[in-house]
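Read the single chain below, which is given as structure tokens and is the form predicted alone.
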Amino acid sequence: MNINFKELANKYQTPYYVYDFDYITKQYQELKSAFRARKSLISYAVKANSNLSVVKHLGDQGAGADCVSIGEVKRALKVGIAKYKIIFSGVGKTDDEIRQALEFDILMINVESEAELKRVDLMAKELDAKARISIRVNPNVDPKTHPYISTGLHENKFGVDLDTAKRMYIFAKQSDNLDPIGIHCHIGSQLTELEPIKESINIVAELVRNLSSALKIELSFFDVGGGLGIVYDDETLIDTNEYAQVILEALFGIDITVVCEPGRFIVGNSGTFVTKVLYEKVNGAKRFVIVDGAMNDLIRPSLYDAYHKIEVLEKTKTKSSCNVVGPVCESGDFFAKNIELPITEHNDLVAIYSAGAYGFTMASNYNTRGKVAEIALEDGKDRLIRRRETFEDLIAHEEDLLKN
């Protein structure tokens, strides 16, 4: 990525997020190409970065959308992603969300419990509709990732075990209002080892064969989830061709479309969060670099103790240990602790890399701080894709309700 962060800071102020759309294109095409030997649908996980321009950019290339709220479904539809490429997942869908998904006639609703399946059945009956569904199977495989982003073990809240899944498919087949067309498996995020993926896919593929032979339930979509990791530090990544080959081998002899739901893999390393130094301070032996960005803008370091490479731009002086922290009134407001950085001065720019996924989408307005600007860079040209929030934006839903 060759980005003039200083020029963008002068034009848009700090803090800001910038995304390299050319990189996003490359990542999407790489994964799509890996599955070229099989019918496939790459459904972008909107939760990773839900900016309308990002979603549209991927939709224009043929991507579908994996959504975990009706709001994300509406984002996908808003930017022109075809309804037959949209999947609605999530463990806790409200009745209203289920109704809307059915009315939108999206590809399928991904169901994660028996109770949810019965609600979908009831909502479909009320609407006199046929609900296309998939069932998320939890294969009880350890993904070997951070516990907060592990989703494939029985101790996690996601999906159902194999026996429960079989009961649900039988129920769906017998219902006049349900059409079981898919199966889903996603064991976690930031995966860097292929073996857990292989193990889980083989378990679920065997279930698909059993459903076909024993129950005459023929599924059309095998959703392998997402979760492919990216480089934050020195991770060794899964080769996309090897990843696809493992999946295709597991599905040998099954006539089914592969659905893949990448999020972080596509956008994570496209994004940089840029903030500026306000000042430095020293408490005893501890040095702090205080910047204008904060945990409300990028919460991953505070929430997950996540590592992001940090660089002070245009500084090559001798480095020393410091904590990079923001203005928010919390001790958890930090981007890094005990890292080596040059001595900084007021207005020096600091780049925090690998921030394209789960950065802005997890941002908040804590401490009445407006969300920052988002910028796209494509073919060497920058454009604003979300303006910086103002104080008036923050109070818009409260001001008219004030009592005199």
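Owing to the predicted nature of the structure, the values given are computational and were not obtained by experimental measurement. Each residue number is its position in the shown sequence, starting from 1.
Just so it is clear, the following notes concern the form predicted in complex with a small molecule, a form of the same protein that is not shown.
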**Fill in**
Testing 96-104, 311-319, 222-230, 72-80 against the small molecule in the model of the complex with a 4.5 Å heavy atom criterion leaves exactly one stretch, namely 222-230
**Prompt:** Is there a heavy atom of residue 300 no more than 4.5 Å from a heavy atom of the small molecule in the model of the complex?
**Reply:** yes
**the small molecule contact at residue 358 in the model of the complex, heavy atom, 4.5 Å** = yes
**Asked** Within a 4.5 Å heavy atom cut-off, is residue 262 in contact with the small molecule in the model of the complex?
**Response** yes
**Request:** Answer for residue 189 alone: is it within 4.5 Å of the small molecule in the model of the complex, judged on heavy atom distances?
**Result:** yes
**Fill in**
Students should find that, of 304, 171, 279, 84, the residue having a non-hydrogen atom no more than 4.5 angstroms from the small molecule in the model of the complex is 304
**Prompt:** Of these, 339, 343, 362, 37, which has a heavy atom no more than 4.5 Å from the small molecule in the model of the complex?
**Reply:** 362
